[in-house]
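Before any questions on binding or motion, here is one chain by itself as structure tokens, the form predicted alone.
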């Protein structure tokens, strides 16, 4: 990868519910020699404002414009943030009227389309590449993993960096670091229930249960994911799901950046593996 600096858009959960994803993303990119320059004064991507498309476009136009001023492509570890950035980028490139509307709202929303939004998985696998990553691997992460992509990572389909229906970038990374992908294909792009958490907890918990139990029944040691909303549902809410539905899952849920970081020889603490709600000790015991 020739470019060694990217504008980093961590997203709102980075300092709270997904701090381990933020920590591990920064640690992995540092290890790989790529500077993540956190954008100054970035704002929410508007995930909670989906009913007002103009507001969502405006929020993301501002983030894109901030990165564009520095001449840097914008990268995020969050699938929902990527979705909103990518669809805004596409809309603004194709619709002159929308660009004018954004500029009329505020001059800070003027975006010329000279940069590109990216997800960290896209950068790791498609740009840095498997050969270069392979040369950086120091340890074998000998775990059975259920790669869970969730329902946002292949959206919008017109700008998807992986197969929207059958994604495999995490599968490839898991194999690269010595892990085993368990048979989980029927569930890996199903919704975790996160978007329903605030309005229909009962449905959200049931959707998350299906993902967790499918991984457990497949023999997985853990679930790997790349979305902080999925992380909240499957990891942070797992004890609540167990209590509410009277089940016992005890399934570790980690970010793919945490697993890759272990393989790169990064200390578990720097990857935030002490911050996951469900214990990751058994996973750490299988790193050789």
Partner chain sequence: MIKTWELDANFRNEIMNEPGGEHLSACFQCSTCTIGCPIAEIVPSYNPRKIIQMSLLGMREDVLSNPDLWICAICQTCTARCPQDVRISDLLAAIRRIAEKEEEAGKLKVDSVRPLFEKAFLHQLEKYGRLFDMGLAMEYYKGKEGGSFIKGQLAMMKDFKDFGMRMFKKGKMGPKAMFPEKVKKKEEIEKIFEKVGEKEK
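Note that the coordinates shown come from a computational prediction; the quantities given were computed from them, not determined experimentally. Positions refer to the first chain, counted from 1.
The following text describes the form predicted in complex with its partner chain, which does not appear among the structures shown.
- A heavy atom within 4.5 Å of its partner chain in the predicted complex is found for one listed residue only; from 101, 73, 127, 110, this is 101.
- In terms of contact with its partner chain in the predicted complex, the residue from 133, 207, 123, 218 that brings a heavy atom within 4.5 Å is 207.
- With respect to its partner chain in the predicted complex, the three residues 171, 270 and 288 uniformly fall beyond 4.5 angstroms at the level of their nearest heavy atom.
- For the chain shown alone, residue 180 is not a contact residue for its partner chain in the predicted complex, no non-hydrogen atom being within 4.5 angstroms.
- In the predicted complex, its partner chain lies farther than 4.5 Å from every heavy atom of residue 31.
- Contact check for residue 43: a heavy atom falls within 4.5 Å of its partner chain in the predicted complex.
- When its partner chain is considered in the predicted complex, residue 165 lines it closely, a heavy atom lying within 4.5 Å.
- Contacts between stretch 183-207 and its partner chain, counted in the predicted complex as any heavy atom lying within 4.5 Å, involve 190, 191, 195, 196, 198, 199, 200, 203, 206, 207, listed in sequence order.
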